[in-house]
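Before any questions on binding or motion, here is one chain by itself as structure tokens, the form predicted alone.
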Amino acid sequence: MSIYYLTKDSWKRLLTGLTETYDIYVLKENENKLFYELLSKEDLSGDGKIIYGKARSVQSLKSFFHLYAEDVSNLKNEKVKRIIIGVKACDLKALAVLDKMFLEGDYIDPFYKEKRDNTIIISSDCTEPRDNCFCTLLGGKPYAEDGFDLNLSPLKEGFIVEAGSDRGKAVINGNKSIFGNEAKETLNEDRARAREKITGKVNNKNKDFDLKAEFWKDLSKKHDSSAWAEHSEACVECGACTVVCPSCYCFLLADMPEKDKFKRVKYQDSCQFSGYARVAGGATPRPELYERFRNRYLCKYDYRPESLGIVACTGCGRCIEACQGGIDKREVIIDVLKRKK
């Protein structure tokens, strides 16, 4: 295994060198929430305000690969190389869903592929989960197990750095003078204890939500539950839940006039909108709000496992925080599962 220990000074030297080749995005804190920002010279010259631990960011990793609006008339071939640092395990799992959608099957999205091919992802362990985080209810962990190029585990006065891909190993091999020797076993043990502790914190935040392992397998049997309509009464159809969701990928294409030509724009769409999937003549497969509300849950826990072989919810909790109606997905699922009708 390629696992190393870097001091904070060594890590800063590494970042300084990488800025010569890559645009680097890091996490910064604003009003107790984390946002991705482009790494600045000030971040490297002083102590900086880069956040490596804590929890996931406000915007998901999707915002880098599946843009809210994107001109897809022509592939630009810009090949901007970038590194995204501080990605959490929940977003890595969601990225696996997007990869299946846009990189597998009969058609590969060239715009998505170009961004993925030119991006190095450096994930980091959670240290302070948010109240709405529930990755462990889905069998996940608050630290990355796969899907990363490099992973950082904040520890003592530095980081344990683990390679998870050939691209990650290339970064290490290209900076041997910085990485030096692999991490000592005692540091790996310290990381294991820190991970056990943070997992306990997430479990404790979800102690009131009694959901058994692989609960989603029972949701498909609850298509006609009366709970869907009752909980949907709080929904205001704003679509915030799907916008912030790291694994929602629905989109629509629009041809827009531009001087003497047209350009084709891909927009993110939301299954919560009344116009979603509407066809000529105004017909729609889900005319009622509760049907659209139900669809988002079944899409994550039933349709995507069936079609892609993967649960499309990662427990990041963003939809709970963003919901204008105060809907807690965990409460909805529990209510749906316990009802007989």
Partner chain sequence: MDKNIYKPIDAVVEKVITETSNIKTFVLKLKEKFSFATGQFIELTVPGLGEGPFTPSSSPYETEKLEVTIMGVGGITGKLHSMKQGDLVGIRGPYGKGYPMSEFYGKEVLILGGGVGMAPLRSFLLALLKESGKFKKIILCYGSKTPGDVVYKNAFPGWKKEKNLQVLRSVDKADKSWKETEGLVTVLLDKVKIKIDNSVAIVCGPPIMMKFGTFKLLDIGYKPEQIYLSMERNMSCGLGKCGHCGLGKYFICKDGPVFTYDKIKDIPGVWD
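Please read all numbers here as calculations on a predicted model, not as lab measurements. Residue numbers count along the first chain shown, from 1.
Beyond the structure shown, there is the form predicted together with the partner chain, which is absent from this document and is the topic of what follows.
Between 190 to 198, 124 to 132, 150 to 158, 98 to 106, the stretch whose residues reach within 4.5 angstroms of the partner chain in the predicted complex through a non-hydrogen atom is 98 to 106. Taking non-hydrogen atoms only, residue 218 never approaches the partner chain to within 4.5 angstroms in the predicted complex. Mapping the unseen interface onto this chain, residue 213 falls outside it, with no heavy atom inside 4.5 Å of the partner chain in the predicted complex. Taking the partner from the other structure, the partner chain in the predicted complex has no heavy atom within 4.5 Å of any heavy atom of residue 35.
Though the partner is left out of this view, residue 73 does reach within 4.5 Å of the partner chain in the predicted complex, counting heavy atoms only. Using a 4.5 Å cut-off to the partner chain in the predicted complex, each of 249, 256 and 266 places a heavy atom inside that distance. The partner is absent here; in the predicted complex, the one residue of 141, 82, 113, 205 having a heavy atom within 4.5 Å of the partner chain is 113. Taking 310, 277, 289, 67 one by one, only a single residue has any non-hydrogen atom within 4.5 Å of the partner chain in the predicted complex, and it is 277.
Residues 303, 304, 306, 307 are the ones in 291 to 310 with at least one heavy atom within 4.5 Å of the partner chain in the predicted complex, listed in sequence order.
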